[in-house]
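This document opens with one chain alone, in structure tokens, the form predicted alone.
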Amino acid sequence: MALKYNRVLIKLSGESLMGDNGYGISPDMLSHYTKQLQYLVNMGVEVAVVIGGGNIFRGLQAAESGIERVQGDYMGMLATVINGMAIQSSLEKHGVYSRLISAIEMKEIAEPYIRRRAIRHLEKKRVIIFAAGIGSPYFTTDSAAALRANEINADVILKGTRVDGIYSADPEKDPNAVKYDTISFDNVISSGLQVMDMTAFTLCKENNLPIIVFDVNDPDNLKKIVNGEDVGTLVTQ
């Protein structure tokens, strides 16, 4: 059976690694994601991952502790490296080859980002984990996901969330919220829906890179998506 998406970039939040904990990395959630990534690799999918660092440190909230924005953003980038190291360790424990690629140089633990090398890793069916955002403050991991996905010519961005798609309102607060199966970039903007931050979203819109928002906690969703089944909400032109 032919895959609908052969090269994907999966965007995960750092908070998704916490599980039921208030912070840090849950072994159960780490295993949950590892098994899903392993399954995609076994299917022949080329997989890239961008993960946030909100389970360890959130740069935008650093000002509350008296830390200036730029310094706080760099601290947040380092948190994504910690999460990336955890995912890499778990993947390799399960026999999945991977490469941790950091936008901030730290040669002892991660490769620097070189586009052609990253693409070659994908062609060899290694999972690549992009860490440290894009290496600059004021840009979120959403922006890193959009930029890297375009650079590596990914077929789609798969944005994992706690809900099963995009709704007209927050489904956890509004029982009358309506789920969209498909929605255009322009309608997302005009409706004021929060899919990604606007910098990332605009980059995807300008380059016609589709985004699928889905429930990452369902262990079958990723394989359904790459096989072409309708899961979550597709954002496209």
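Numbers for residues come from their place in the sequence shown, where the first is 1. If you're wondering where the values come from, they're calculated on a predicted model, not measured in any experiment.
The following text describes the form predicted in complex with a small molecule, which does not appear among the structures shown.
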{"item": "Contact stretch among 87-95, 149-157, 105-113, 136-144 - heavy atom within 4.5 Å of the small molecule in the model of the complex", "value": "136-144"}
{"item": "Non-hydrogen atom contact residue 77 with the small molecule in the model of the complex at 4.5 angstroms", "value": "yes"}
{"item": "Partner proximity in the model of the complex: residue 72 to the small molecule, non-hydrogen atom cutoff 4.5 Å", "value": "yes"}
{"item": "Partner contact for residue 13 in the model of the complex: the small molecule, 4.5 angstroms, heavy atom", "value": "yes"}
{"item": "Residue 57: touches the small molecule in the model of the complex, heavy atom cutoff 4.5 angstroms", "value": "yes"}
